[in-house]
Structure formats: C-alpha cells, structure tokens
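Presented as structure tokens, the chain that follows is alone, the form predicted alone.
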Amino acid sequence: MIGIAIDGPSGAGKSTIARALAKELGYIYVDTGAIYRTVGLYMYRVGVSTEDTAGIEKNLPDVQFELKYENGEQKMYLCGEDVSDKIRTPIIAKYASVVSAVPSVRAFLLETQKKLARENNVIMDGRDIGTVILPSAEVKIFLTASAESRADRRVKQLAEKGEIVGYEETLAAIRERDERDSGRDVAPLKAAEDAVLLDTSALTLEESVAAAKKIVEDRLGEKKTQKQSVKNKDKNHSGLYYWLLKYVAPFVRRLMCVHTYGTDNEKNEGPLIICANHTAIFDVLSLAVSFKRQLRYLAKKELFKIPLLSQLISALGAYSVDRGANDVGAIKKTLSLLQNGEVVAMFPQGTRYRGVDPAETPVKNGVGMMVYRSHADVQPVFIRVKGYKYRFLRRKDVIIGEPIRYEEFGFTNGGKEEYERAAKLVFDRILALRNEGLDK
C-alpha cells in the first residue's frame, strides 16, 4: 500500500488539496483533522472546558465515532449522528487543537489512522502525519501559506456556508493555533526531514493540486527507481554468493555445530527485523544458515576496509554503518530495504559481548527507532553457546521466537523514551528464549 502524508498549519488548504488529489489518483482520503474535531465536538457538547485535560481524559472512553465513505467523501459520525458539517466551526476547531495535544487522545486515535493506511492506498492530512502517523510514507508534503492568506480563505469558506466571521478575529485565531500546535509537547506541528515544502500563498486551488500531484509523481518515480536499483544491486552483488551459501547451509550448520529451534515461528513474508543477542562475529553466519529468507545486516564501516572479510560480509548481505556518527544514509538504506519487504538483522546490544551473560549487558535504543519508523514486525532470536564463549566448533543453539507485531509496541509519537521502551521489550523477548530447547 502507498501512503501520502500532507501536513501543515490550519487553513493551508490541506483538506481541500488532499481530497482533490485523492480523487485524481484514486486513493482513499483520510482527513485526520476531522477525527480530532469529532472528539472536540463531543467534549464541547458534554461541557468539558478546553482547559480541563483531566475532564477530556475522563470522557474519552465514551466517545463513539465512526468514519464512513459515502460517494467517495469522508463522513464523520458521532454516537450515530452525522456531524461532518457541525465540526467545521471556529469553536470546534479550537477544541480540536486542544484535544490533539492530549497524549491519551492521540493514543486513542493512533491505531485507527494507521489501520486505514495499512489496508488502503491513502492520502492523509494533518499536522504530524509524516512525523508520527506515517513516518515511512512514500511521499511527504508540508503545505504552508501566510497567516493572512489562510485567514482570508477561511473567512470566504465560512461565508459560503452562511457563517459570517471577521477577518481580524479569524487571523488572530489562526496565529494563536499556529503557536499552540507548534509549541505543544506531544507531536508538535513540524515538517518531516524528508518532506517537500509547498507554499500555496499565491496559488489557486487548481495550481496547488497540480503542484502537489507533480511532487507525488516525482517522488513515487524516484522511489520506484531506487527500489529497482537496490534490487538489481543486491541481485548482482550478493545474491549468487548468498544463495550458494544457502545451498550448502546444511553442511555449514554441521561444520559450525549450529542447531536451530523454532523454525516454524519464522515470518515468511513482509518486512521483518530480526533481533538477536550478540556474542561473536560468527553470529551473522549462524543466523544466515538458520533462516529461509535472505537476511541483510548493518556492519561497522571498518570491516569493509578488510579485503577478504569485506567480500564475505557483503556476500552475506551486509552494508556499512558509521557507528561513531548519526549515519543517516544507513538509516535510510535500512528503511528502504524494509519498505521493499526485506529482512534486516540487528543486534540491540550494539556490539559483541564475549563471555558475558546477555542479561548483564546494556541495550541501545536504535532498534526501537527503526521499528517505529518502519512499522515492521520483530523476530526475537537467542543465540546460545556454552559459557557465552564462542568457538567455531562449539555447539551453537539458534532459538527463533514468535514475532512481535508492530502494534504490541504501543507507539504514540516516537521519541527517546518510547524507543528505549521498545528496545527493552525486544531484548526481554530475546532473553525469554534462552532456555528453549535445553531438553532436546
């Protein structure tokens, strides 16, 4: 499925442009702002103040909303009532901004939005789509426009519906909301690093839609080229060696004394991150001969400077990462592989710990960040060797656990704390496998 994220401040034309673009491309349009407005309308109706966060959280479980598509248009239902028009007022817009800053509200609505993206080609607009809801979206656009032009549009839009509001009042409300949305702690309004900026201040609706469509076509074209390039490079560079290795895998397993358990747990399709404890460099080979699917690995760049070793690890599907820096290229490469439905093996400990009980080693939060950004499931694996001292001819048990589904991580807006929590969950699942197969 293809996801297109359109973010931007209130009044920039996100909904209008996204709706028109979805119609042209044949995608499902998801107006996330309408969802928050519906929650805001409920709070307004039950008399909860915009200052009463506790009241919002208390009443949240009672909100019964439904999103329907009628004649290609998104309709919002609240407790069985069609409120699609009733949520388009300045006071409900203010409520929407307030409730969207409440973490429990965002968590309440997060899975609904992600489920739509998993099951459909979507164009989704909001304020944190590209950064939180669909961080791996194929196309990200950040729409912007001057506050003055947005106020003018809003006044005309409401006038068409028979509602007369003042320009200065509307302008002040827009500036207030911009400040509130950009300054909130939870999922603040900001452009994703890989978003394309589109300023619609001086553009007509037709020009804005055409400009957005060109961005989509250009980015999807680039993605298609990149995927084909990766596919060809992998096929020509490492495929022959890797599949030769797989062909002689039974021999390699016997030679290395590798015993694999839990092969029925292996996820056979779709993007997957395999996470294992790390004792020695031969862990890579042990994993390679234990799985049916081809694995890709992040390997520190220094290893690629050793001629023979470089050829070996490249044949095993490794690619370089600079562990001493924030290697954006390696992160993008990993996300690209996962978006192509491939399998990436990672070691949450970040380095090898020879002769040390894995439970006593620290865990890096990088795996948590990668899970969050890729939405991939995780397959925990425990590599067991006697005394945690790795020798080529010493028995090695590779225990494959059940996959951890992405939804189990409970991400809301990413960030260091959530990455750390996710990494801990993964490593706890790895350690839970340590005694499997001991009676065999």
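Note that the structure is predicted; figures quoted are calculated from it, not measured. All residue numbers refer to positions in the sequence shown, first residue = 1.
Quick note: we don't show the form predicted together with a small molecule, though the next part is all about it.
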Run the contact test on Lys14, Ala96 and Asp181 with a 4.5 Å heavy atom cut-off to the small molecule in the predicted complex and return yes or no. yes
Quick check for you: of 96-104, 355-363, 292-300, 166-174, which stretch puts a non-hydrogen atom within 4.5 Å of the small molecule in the predicted complex? 96-104
Which residue, Ala34, Val385, Val48, Leu60, has a heavy atom that falls within 4.5 Å of the small molecule in the predicted complex? Ala34
My question is simply whether Lys213 lines the interface with the small molecule in the predicted complex - judged by any non-hydrogen atom within 4.5 Å. no
Contact flag, Ile129 vs the small molecule in the predicted complex, heavy atom cut 4.5 Å: yes
Is it the case that Lys75, even though its partner is missing from this view, gets within 4.5 Å of the small molecule in the predicted complex, heavy atoms only? no
Verify the contact flag for Arg88: yes if a non-hydrogen atom of it lies within 4.5 Å of a non-hydrogen atom of the small molecule in the predicted complex, no if not. yes
